[in-house]
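Just one chain is shown here, as structure tokens, and it is the form predicted alone.
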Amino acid sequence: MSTETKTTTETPAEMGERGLIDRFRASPFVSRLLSNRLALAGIAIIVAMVVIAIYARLFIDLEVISQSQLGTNPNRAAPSVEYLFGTDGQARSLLPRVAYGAWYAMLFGTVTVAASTALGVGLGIIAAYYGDVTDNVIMRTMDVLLAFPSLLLALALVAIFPDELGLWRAVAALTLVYTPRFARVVRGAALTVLENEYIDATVALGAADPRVLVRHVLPNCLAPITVQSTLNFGLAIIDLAALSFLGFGAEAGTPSWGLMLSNGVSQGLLTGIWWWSFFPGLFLALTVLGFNLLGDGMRDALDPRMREAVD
């Protein structure tokens, strides 16, 4: 009686992929993050908003939802089966407009956080590495920017750019506002990394400054950078909405949550048309809550002591 032995062969790519997945599952950070129910709730909210944003971008016609629908739809209709979120003063259904607002929030929020992270990380690492005059010039400039309330500084900066840029001028202003926060956090983390002996050994071996910064300092600063970026994402979305609310962001007709809130408060809230501002405000609050919950969960999962560094 013979027995057959079945052998399975795996390609190097499959073995590498399986090893990566196994390491991901065994990561203490992942296990602590997934055991945090509030962080999981934040992830669920963010995923839902991303799905809504992608759907709106692919299947909703921006030109149609931006134009007046007077004579086609009922004006300022209350939420119903036909119009789930009701209609606004131009008889436009609020449901597709609020959904498209999620795309604007994710798009411009991502650009704002990415740009401010890149600038802040670069300035913070350079200040920590070179020290002396370079450190003083960079960090004193950051201190001056931090001395102003963020929204007030953003209002002052956004007025510099032409109105034709729309939300992009708000992105540029907020990028400059958020850069000092990243620079301060990264500088502190980089100063700790630079005290390690392997940095001195790398420099002694003749490594160039860019190599030391990119290959050895930056990777060891990723934890506070990641947490700060996540927390700033929610702040960027709410500040973009605030600038649009005040008339310094989105142009008229743009399905921006902040602009819809502004129109709803000024034209509908006091007259009993609550849905005009309620649904954009609800989506805005949920999105910011999701990023804040995820950011707090990531901070605690990476290192509870980071709470003081990031805050």
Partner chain sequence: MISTRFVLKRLLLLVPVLVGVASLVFSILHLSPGDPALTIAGERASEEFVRQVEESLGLNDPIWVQYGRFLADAAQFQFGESFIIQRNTTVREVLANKLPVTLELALYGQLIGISLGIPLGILSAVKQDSITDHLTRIGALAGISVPIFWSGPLLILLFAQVLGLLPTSGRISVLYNVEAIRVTGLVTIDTLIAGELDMFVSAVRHMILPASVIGVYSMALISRMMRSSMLEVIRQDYMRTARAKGQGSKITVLKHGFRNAMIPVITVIGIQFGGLLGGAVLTETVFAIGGIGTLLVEAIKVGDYPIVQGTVLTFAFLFTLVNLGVDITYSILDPRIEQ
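Only a predicted model underlies this, so the values are computations on that prediction, with no experimental measurement involved. Residue numbers count along the first chain shown, from 1.
Keep in mind that the form predicted in complex with its partner chain is not shown, yet the notes after this line are about it.
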Contact assignment for its partner chain in the model of the complex, among Val265, Val30, Ala48, Leu70, heavy atom within 4.5 Å: Val265
Residue (of Ile125, Ala172, Ile238, Ala77) lying close to its partner chain in the model of the complex, criterion heavy atoms within 4.5 Å: Ile238
Just one stretch in 78 to 86, 107 to 115, 156 to 164, 91 to 99 has heavy atoms within 4.5 Å of its partner chain in the model of the complex, so which one is it? 156 to 164
Although the partner isn't part of this model, could you tell me whether Leu293 comes within 4.5 Å of its partner chain in the model of the complex, counting any heavy atom of the residue? yes
So, Ile54 and its partner chain: in the model of the complex, are they within 4.5 Å at any heavy atom pair? no
Can you work out whether Ser277 and its partner chain are in contact in the model of the complex, taking contact to mean some heavy atom pair no more than 4.5 Å apart? yes
Distance check, Ala242 to its partner chain in the model of the complex, heavy atom within 4.5 Å: yes
For 272 to 294: residues with a non-hydrogen atom within 4.5 angstroms of its partner chain in the model of the complex? Gly272, Trp274, Ser277, Phe278, Gly281, Leu282, Leu284, Ala285, Val288, Leu289, Asn292, Leu293
